[in-house]
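Next up is one chain by itself, shown in structure tokens, the form predicted on its own.
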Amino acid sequence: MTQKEYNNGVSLWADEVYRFAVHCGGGEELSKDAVQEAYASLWECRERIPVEKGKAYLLTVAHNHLMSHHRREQVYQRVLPQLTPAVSVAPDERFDLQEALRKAMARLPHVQQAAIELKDVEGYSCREIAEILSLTEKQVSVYLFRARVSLKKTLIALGYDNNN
């Protein structure tokens, strides 16, 4: 990959990589860090990465950066238990479906969130998702199935069902 191809990749892919990072649960600042980390890594490996693999490489690095961050957070939570009480939602309370879906997505493991985001929001194929997340296609299919089942159960528990 040449410098010109790298610069084109920055303008073409930055928004998609950022959107993906946000949907993976990165938040604004963490997502910006993940995008920056991904492009820095791409620059360092530019001689080995073909242009057609550039976007997949960026998404993979951003995903791995976010997963490392989330793993560190889990360790901190075990070491320093949080003292805030759990918030429960009464079953008869109704709120916006989009908000309910966001809350349901937040309960999924990060790999399932990433798979759903890439498949249903970004429109990638299972083969492309497998390459981005360093999984097999069968694993991607399993994660998608489990995520959808979990989302359905959570939404039904929050008062949304097929009849609404």
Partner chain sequence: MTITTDNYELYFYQYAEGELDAAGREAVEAFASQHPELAEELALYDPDLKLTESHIPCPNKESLLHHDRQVLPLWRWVAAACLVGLLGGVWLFWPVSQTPQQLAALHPAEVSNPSTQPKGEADTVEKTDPSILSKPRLAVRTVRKVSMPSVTEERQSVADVAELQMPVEDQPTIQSEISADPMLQSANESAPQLLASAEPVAVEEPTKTLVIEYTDIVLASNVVVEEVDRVEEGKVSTRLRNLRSRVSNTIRDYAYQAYAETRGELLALADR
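From a predicted model like this one, the values you see are computed outputs, not experimental measurements. Just so we're on the same page, rigid core means the largest C-alpha set that superposes within 1.5 Å between forms. Residue numbers count along the first chain shown, from 1.
Omitted here: the form predicted in complex with its partner chain. The next part is about that form.
- Using a 4.5 Å cutoff between non-hydrogen atoms, Val121 counts as a contact of its partner chain in the model of the complex.
- Interface membership of Lys32, defined by any non-hydrogen atom within 4.5 Å of its partner chain in the model of the complex, is confirmed.
- With a 4.5 Å cutoff on heavy atoms, Thr60 does not count as touching its partner chain in the model of the complex; it lies far away.
- Contact check for Glu128: no non-hydrogen atom falls within 4.5 Å of its partner chain in the model of the complex.
- Taking its partner chain as positioned in the model of the complex, the residues of 30 to 56 that bring a heavy atom within 4.5 Å of it are, in sequence order, Lys32, Val35, Gln36, Tyr39, Trp43.
- The two forms, fitted on the rigid core, differ between the shown form and the other one by less than 2 Å at the CA of Leu144.
- Relative to the superposed core, Ala40 shifts its CA atom by less than 2 Å between the shown form and the other one.
- After superposing the rigid core, the C-alpha of Arg19 moves by less than 2 Å between the shown form and the other one.
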